[in-house]
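First, one chain by itself: the form predicted alone, in structure tokens.
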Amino acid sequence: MNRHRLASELKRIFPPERLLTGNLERRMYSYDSSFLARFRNYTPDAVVLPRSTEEVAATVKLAARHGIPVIPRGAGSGETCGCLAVRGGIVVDLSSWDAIEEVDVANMQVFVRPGVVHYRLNEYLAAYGLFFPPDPGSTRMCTIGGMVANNSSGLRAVKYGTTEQYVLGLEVVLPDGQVITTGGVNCKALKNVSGLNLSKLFVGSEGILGIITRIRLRVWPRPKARGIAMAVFADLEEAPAAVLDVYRSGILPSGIEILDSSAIRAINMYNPEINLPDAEAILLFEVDGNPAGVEWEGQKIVEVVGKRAISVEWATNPGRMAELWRGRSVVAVAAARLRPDGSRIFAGEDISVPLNKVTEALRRIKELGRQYGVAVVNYGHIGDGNIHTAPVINLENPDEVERANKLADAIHRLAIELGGSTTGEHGVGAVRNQYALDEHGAAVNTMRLIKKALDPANIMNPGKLLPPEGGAGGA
């Protein structure tokens, strides 16, 4: 079906203000934050902005009749081309469908549509003394639908885990346009083991099995107190060891973040007022809970970590906590300051390794940076082994671009070699699906069978998550 006829068909479903077919409008949906998207043209044939399950189902049925790819999209804050039309088709922009439909306080759950922004949801829940614990760095942009599709987590996954642990049920439009509800049609129970757990199947499926249109989330009581400890290390090896010491002492912080020497240097160049100590590594431990428990755990962390660190500071004052957290909050943008003509790119940026391999991973990533002549900044969620690497290059230099791609490939393969994963929380999309066989082996065949059973025509977000079958023209 050509673009003009497709637009004509979609006009039967959407009013003009929620159907985008102009060249500039479609071009605006041809990118996300990924490095790969800078060098490809992934312009969709049309963009629709649904506000009801019926509109989504009608769009998918139209696409299924004509074999047109359908690509769900949230805020577009992803880093893997996951929401891009790599084979053309219809982008379904869910970001404006952002209703918080019900907060069921008595049953500790909330019902939302996919476009609700994470930060806004927690602002809304605060009035009820509740919160949704996963805490991605993109909280002010990312949508709940995108978080579910990618099984996002973030800074506090050490204690609170990932999004999948909070999904009680989903409304999903399948690739043939059928609408199902997982987790029980009218269920409001927190525990439910009846039937196959289809909610788990769709969480993290990155839109290749269907479009999530309604989400039932478990929410938790909001902690009454928080505290932060900042520990400074002269030796990088001591930082991961200190994390294990804290765990062995019986304490589970809500978050544990690391900044290595490259990140510390970049932050101080970006904003000298932050003035982090010159060191091999800095760890930030966040503790939350009741006030007495937070204070006890904070003092215990100071005692345990102080045996390895050259200094440790504990704070519960909100102003001082904000100051201690300030460096970590800007590191993603500060990375580019390592060189005046540099830009931070998102490539090889999200590996996850076993806790006892974190030190080796950080050392070897630095070696790889030197090998390929690419400056790198390392930071991330050391409490669960999730390392964020920020290569910094001159995007106008083709040789640097090529070396950066080789570096990203080497980092991904390093993660697999160390018994980890190519992605801890950002997802696979079109930039990491080439590693699926190395990472999952024969299990990939089972993933393909599930995909074919639900989407035999392969219209739902094709070219993502699964490796190509028989080359680039496959999955």
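The first residue of the shown sequence is 1; numbering continues from there. What you are looking at is a predicted structure, and each value in this text was computed from that prediction instead of being measured.
From this point on, the text means the form predicted together with a further copy of the same chain, which you will not see here.
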item	value
One residue of 277, 354, 177, 373 in contact with a further copy of the same chain, assessed in the model of the complex (non-hydrogen atom, 4.5 angstroms)	354
Listed residue that, although a further copy of the same chain is not shown, lies within 4.5 Å of it in the model of the complex (heavy atoms), from 27, 406, 66, 440	440
Three-residue site 153, 208 and 220 fully in contact with a further copy of the same chain in the model of the complex at 4.5 Å by heavy atom	yes
Contact label in the model of the complex: residue 426 to a further copy of the same chain, heavy atom within 4.5 Å	yes
Heavy atom of residue 13 within 4.5 Å of a further copy of the same chain in the model of the complex	no
Proximity of residue 310 to a further copy of the same chain in the model of the complex, heavy atoms at 4.5 Å	no
Residue 386: touches a further copy of the same chain in the model of the complex, heavy atom cutoff 4.5 angstroms	yes
Proximity to a further copy of the same chain in the model of the complex (heavy atom, within 4.5 Å), stretch among 154-162, 111-119, 360-368, 334-342	154-162
Heavy atom within 4.5 Å of a further copy of the same chain in the model of the complex - qualifying residues of 238-252	244, 247, 248, 249, 250, 251, 252
